[in-house]
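In structure tokens, the next block holds one chain alone, the form predicted on its own.
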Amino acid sequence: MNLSTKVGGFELSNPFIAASGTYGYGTEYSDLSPAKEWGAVILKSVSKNPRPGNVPPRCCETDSGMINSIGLANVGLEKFVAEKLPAFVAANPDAVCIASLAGETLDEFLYLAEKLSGIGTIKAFELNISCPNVAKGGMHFGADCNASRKLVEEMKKISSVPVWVKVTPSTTDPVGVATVCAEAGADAVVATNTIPAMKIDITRCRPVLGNTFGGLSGPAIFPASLRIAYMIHRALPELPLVGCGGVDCGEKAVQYILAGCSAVEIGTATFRRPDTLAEVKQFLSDYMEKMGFNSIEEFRGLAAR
């Protein structure tokens, strides 16, 4: 079956994208789930300066998912460009690479985009607007429509590649945020990021995570993320949309497409089953053959019509 799809400015060989933060710098899964098998790979979020991350423990398992509090630990822009990106390209010359940008301020986002624009191996930027916006007293870009609009407008002025915006589920108005991002020129919206959560150790009588709170991911968040994706598509049917959150099987991936998504990110599931990609690709192919669909576009958004 033809699994190709077009989203956010370019075409992918299949609709499945390795989510940022779960696929490392693109080389860690080489023997388990090669980058060339994915429609695209989003590398670990990069910030201007190296970040050590949050106090450990940083991850814990929970019912039907996991909570992480990595704190956007990364090597920083300089080492990313000099070492991590070249290593990924050398090992995966045929893979589609997307860079995830993590800025605490508007200026930092713009700095990252300026330095990474023009690097031919990067096909798009995914803006992680769940990062703390220090210049606005700790608010998140993703929860502030005005900040989101300004960020996308300024990014589009300097970016040489498509700009994707990852919407946070923490806002009370995800459709509003998606709308202003679309109006500002975003090439695609990703719905959604992790959900704020925590876990308490009843023996120690203390939070399990060193940072107390973290982001819940995995199957537990799928229904909530699917709802937001559906709402955004209903409100903005022309906006390219990427589903993200809780996909651990082919059926859930198909639900995102039926809700209006042109592509689907997969992350936490690969920790438990690194071969998840092969299963979801086969399921999608079998589903399309069974239903008589010849392309992704034929049934994208069908549930919302």
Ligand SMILES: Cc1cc2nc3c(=O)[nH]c(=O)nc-3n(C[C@H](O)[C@H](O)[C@H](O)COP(=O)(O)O)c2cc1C
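Just so it is clear, the structure is predicted and the values come from calculations on it, not from any experiment. In this text, residue numbers run from 1 along the sequence as written.
This protein has a second form, the form predicted together with the named molecule, left out of what is shown; the following refers to that one.
- This chain is displayed without the named molecule, yet in the predicted complex the stretch 40 to 48 from 25 to 33, 40 to 48, 275 to 283, 233 to 241 comes within 4.5 Å of it by heavy atoms.
- In the predicted complex, at least one heavy atom of residue 247 sits within 4.5 Å of the named molecule.
- For residue 66, a non-hydrogen atom is located within 4.5 Å of the named molecule in the predicted complex, even though that partner is not displayed.
- In the predicted complex, residue 218 approaches the named molecule with a heavy atom inside 4.5 Å.
- With a 4.5 Å cutoff on heavy atoms, residue 253 does not count as touching the named molecule in the predicted complex; it lies far away.
- Contact with the named molecule in the predicted complex holds for none of 124, 161 and 263, as no heavy atom of theirs lies within 4.5 Å.
- For the stretch 17 to 34, the set of residues having any non-hydrogen atom within 4.5 angstroms of the named molecule in the predicted complex comprises 19, 20, 21, 22, in sequence order.
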